[in-house]
Structure formats: C-alpha cells, structure tokens
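A single chain, nothing else alongside it, follows as structure tokens in the form predicted alone.
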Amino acid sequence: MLGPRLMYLDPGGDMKRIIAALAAAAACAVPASGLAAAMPACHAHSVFAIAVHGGEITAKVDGSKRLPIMAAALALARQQLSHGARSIDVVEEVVRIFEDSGAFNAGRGAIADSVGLVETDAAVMDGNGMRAGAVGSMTNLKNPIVAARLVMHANRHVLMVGDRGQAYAIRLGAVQVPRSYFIYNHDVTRPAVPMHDATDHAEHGTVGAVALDRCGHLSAATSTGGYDAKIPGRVGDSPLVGDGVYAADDTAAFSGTGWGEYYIRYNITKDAADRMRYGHETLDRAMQDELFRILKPLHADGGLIGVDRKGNVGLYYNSVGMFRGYATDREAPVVAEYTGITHSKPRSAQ
C-alpha cells in the first residue's frame, strides 16, 4: 500500500552498507576537475546544508528503491560538508550517484523519447563567481552532470548540445557509453503522447541537489532524461540557467522539477532568487510564490528545492508529491515522498 512516506535516516543494517558503498565509489571516482583536489577545505563557518530531489510526482508510485538511495547520498554529503567539502563538488557527486543508480529519470535510468532514444540534459552552477556549465540532448554520456561540470571548468561556453556538443564534452573527459547502457533505451518506435499526459512521468523524476558549504558558497545541479515520449531534440528546463537550476552566493541555490516548458517561460529559479534579492522575500515565500501563484493557476505541476545563504532549506511542490530530502549541520538526513517535510528548522538571524 502506498501511503505517505517519511524516512529519517537510521544508519544501521542495509543503510550502513549503502553508505559504505557510496563512500567507496566516491573515493574511487575521478573528479570532474583537477581543481577539486587542489582547493582548500572550507572551515570558515559552522553552518552548512544540502537538499536533494528525485523529481515531482503526478501519481502515487513506489519509492522504496529511491528513498534509501537519497538518504544514503545525503548522509555521505553531510559528512563531506562537515569536513569542509566544497558545495560545487558535493552537488555534482550527489547527482552523479543518482544518475548511476538507474532508479531516477537521469543518467542510466533516463526515460526514452518517442523513437526509443535516451536524450539527457544536465546543468551545474556555482554561486561563487556565477559560473555555470550545461549539456543538452546527450545520447551517449554516462554522467551528464560530470559533462556539465567539465563545460563549466573549460570556461569558454555555458551550454553544449547535440552530437557536436557531446563530442566536445568527451574531449574534455566525459565518459562515453553504448546506448545499451541505458535501461529504457530501445529501438522500437513508439507513438508520441502529449508531454503532460506521459504516464511514465509519474514513475520517474528529474534529480537535483543544492548545497551551502562552510565557506558560505552556494551551488546547484540538475539532471534529467526529460518527459517520456518527448519529441526527439526537445530540451527542457534542467540545463537552462535560471529555469531548472540557479545559484548565487548573495541569495540562494535552486533546482527545479516538473513541466519544463513552464519553468522556461517563467524563469522559475531566477525569479525565485530575484524575489529574495529585490523583494526581500524569505526562501520559503519565494518558492511558494513560484509554485502556487505562478505555476499552479496554469495547471503546471512542479517542485523546487532551495537553500539560502543562512542555511535554511525549502522543499515545495504543487503536485501529488516529490521525492525530496535534506540535511544540515544541526539536522540529520531526512527524506520524504508525499506528505511531510517542506522546510528545515528555521534558523535565527545571522
């Protein structure tokens, strides 16, 4: 029976094994940039926070595989942030874990388009210097989020798309895989369906992560396979700065999930940041305004996760549910699927 799901991470038994496996994989992983190892650790502040999502949900589904993955990734990220890891490294790694798991609509588990081909999009943004990198319509990359980070560090362009963009990402160091690597890639042509009626959308979700590190820097990352049976070549909001991803050290970091066309038309993540920057709204108020005052009247389902420069976390959605979770310097990891958490414990003014 699929009732409300809320899980507080108790690292015992199977969860300990999951965390150990993720930690081992992280230790063996090659960082997207050699700068990661050279950067000094962050210890200037005690406050840090990490929030993740595994996509918003338009119909109740079984999250038994996804919630433990999210909880374990949060536990690992919390440990790394407490030891001084940079937010940009943490969000990339968490999203890479989700891509590799095959349990989400990203990376190995990305949904196929209307002709049975997997096309993935991803973006990463570092609020420290407003740097960003993104890829769209990738067909043979193991980790689109790593490719996005490579594009960011190349520091010439922000968004690379299609076959030529993919070739460039591979030259930078992105790992290429055969199409058989993707679970839902197949050769049988299927009739396209309207994107908002795509049934598989209820079963899979875009992934994202936002974090504040102990240097006071904010970062965001988003990765997706897009809508089920989408028209080949369609690129949604996930790789677009200000739409599906945004981070600025003076305000907040956001990652979005939902009906991407509306996130693009209304620049949802940038608009949320501007509400905070110019309208002096709180993180929670800005996110709720975007979801319930702009998107909901348009019947556009979606969700947002965000963290502000004080370490407050928001996790809001206007649909049936959203796979989501967070952890902070003072709160252990917690994940939810339907009812339950929508924000962290409020912090006093700093």
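One rule holds for the numbers: they count along the sequence shown, beginning at 1. None of the values given here were measured: they were computed from a predicted structure.
What follows is about the form predicted together with a small molecule, which we do not show.
Contact with the small molecule in the predicted complex, defined as a heavy atom within 4.5 Å, holds for exactly one of 120, 87, 257, 269, namely 257. Of the listed positions (226, 127, 136, 133), a single one reaches within 4.5 angstroms of the small molecule by any non-hydrogen atom in the predicted complex, namely 226. None of 71 to 79, 160 to 168, 274 to 282, 233 to 241 except one has non-hydrogen atoms within 4.5 angstroms of the small molecule in the predicted complex; the exception is 233 to 241.
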